[in-house]
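Here you get one chain, nothing else, as C-alpha cells; it is the form predicted on its own.
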Amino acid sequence: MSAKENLLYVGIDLGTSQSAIVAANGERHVVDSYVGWPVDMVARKVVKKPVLVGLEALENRSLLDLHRPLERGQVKEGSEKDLAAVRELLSHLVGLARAGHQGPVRAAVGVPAEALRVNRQQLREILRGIVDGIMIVSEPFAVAYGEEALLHTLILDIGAGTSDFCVMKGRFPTEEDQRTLLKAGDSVDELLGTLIGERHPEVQLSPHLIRSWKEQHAFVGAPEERIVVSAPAHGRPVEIDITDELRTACESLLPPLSETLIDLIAAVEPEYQERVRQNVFLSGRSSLIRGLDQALTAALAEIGGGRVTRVADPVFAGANGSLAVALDAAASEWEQISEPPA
C-alpha cells in the first residue's frame, strides 16, 4: 500500500452543541459536544471510566465535572479544563472514525467564520498528536464545497452557538464574503426558558429539558398542532402548553437572519444578485426548525424574491464538505502536526 493509500482523510464539523465526523473509510458519527470527569472516588467507581464524552457524559452529568467547552462556536478562553475537554472530544471523534485504521490521519476541520480567525492556532495545538495533518476551513464554505454550490450561492449554516453566512463566488471566500451572528440555537433555548418560566413559574426547568423540547418541536409560522409537554412542578409531573412560547423563541431568529441575508446579497455585484437570491442553502442542526426555509424565502420577497432550500443532510453537511475539501486538497495545503504536545 502506498503512503497516499495508507492515509485516512476525515472531515470534522466542530460544533457548540454537537460535533460530527465523516471519514473516507465510510465511518460517520455525530457526538454531543460535552465532556466530563468523575467528581470524586465514588463517581469514578460508578462510571468506571476516567473521562466520558458525548451522550454518555450528558446522561451521567450529576456525577461529573461536566464541560461544554465550545461557546459561540469557539473554544472557551481561560480554562485549561475546557481546552482538555476539546482535546478529549476531538480524540474521541477521530477514534470513532479510525475504526481500526493504524495509519496517519489528515483532518479538515470546519469551524465558524469568526473562530477561523480567532482560534486557528489554538486548534492546531489541540489537534497535535491526534492527527498528522490539518486544514481549518469555515463551516459554511465546507457546506458549499460538499454541495458543489461554489458559484453565485449563499450558504447559511445555523448551529447552536452561531449562524454563519458565506457568499460563494467561485473561489475561496474572503472575510467580506462571510458573516457570523450569535443568534442561533442557544439563543432560542435561552429565550424559550425565560418565556416558559414567566408563564409557569411553578415548573422546574433545566437547559437540557428546554433543549430537548426545542429539538423535538421547533417551528416558525402557524402551528400545526398545540405543543404540550410534561415537566415537574413541586415534585409532580404536570402538562403545560408551550406552543406560543416556542413560536416566539424560534421566530426571534428571523429578523437578524433575514437582515443579514439581504445585506450580503445587496453587496454582490448587481448582475449576479438574482442568481444568488435563487440559490440560498440552509444547513446545520438549527436549520431543522420547521418552516424556517419557507419563512426566509418569504423574507427575500422585499428584494425581488428568491429561494431558500434546506440541504439534504443538515447535520452532516459540514463534515461531508470538510471531507470533500480534504480529499481534493494538494499535499502542500496540509499543515503537518503529528508530534504530540510538549
Partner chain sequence: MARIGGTRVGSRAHARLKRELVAGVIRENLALIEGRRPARPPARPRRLGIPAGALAAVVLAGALALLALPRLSLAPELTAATMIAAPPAAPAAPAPPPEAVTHPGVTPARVAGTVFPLAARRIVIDPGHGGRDNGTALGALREKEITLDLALRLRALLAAAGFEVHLTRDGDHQVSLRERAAFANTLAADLFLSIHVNWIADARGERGVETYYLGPTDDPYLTRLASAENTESGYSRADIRGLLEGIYQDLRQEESAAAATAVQQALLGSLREVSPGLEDWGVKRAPFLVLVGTEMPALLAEVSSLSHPEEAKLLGQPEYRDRIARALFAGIRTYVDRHHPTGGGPFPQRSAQR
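Just so it is clear, the structure is predicted and the values come from calculations on it, not from any experiment. Numbering follows the first chain given and starts at 1.
Not pictured, yet referred to below: the form predicted in complex with the partner chain.
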item: Interface stretch in the predicted bound form with the partner chain - options 96 to 104, 193 to 201, 265 to 273, 211 to 219, non-hydrogen atom within 4.5 Å; value: 265 to 273
item: Residue contact check: residue 336 to the partner chain in the predicted bound form, 4.5 Å heavy atom; value: yes
item: 4.5 angstroms heavy atom contact with the partner chain in the predicted bound form for residue 147; value: yes
item: Residue 124: touches the partner chain in the predicted bound form, heavy atom cutoff 4.5 angstroms; value: yes
item: Contact label in the predicted bound form: residue 231 to the partner chain, heavy atom within 4.5 Å; value: no
item: In the predicted bound form, the residue from 227, 136, 83, 130 that sits within 4.5 Å of the partner chain by heavy atoms; value: 136
item: Heavy atom within 4.5 Å of the partner chain in the predicted bound form - the one residue of 76, 247, 92, 179 that qualifies; value: 179
item: Any residue of 151 to 180 that, in the predicted bound form, places a heavy atom within 4.5 Å of the partner chain; value: 151, 152, 153, 168, 170, 171, 172, 173, 174, 175, 176, 179
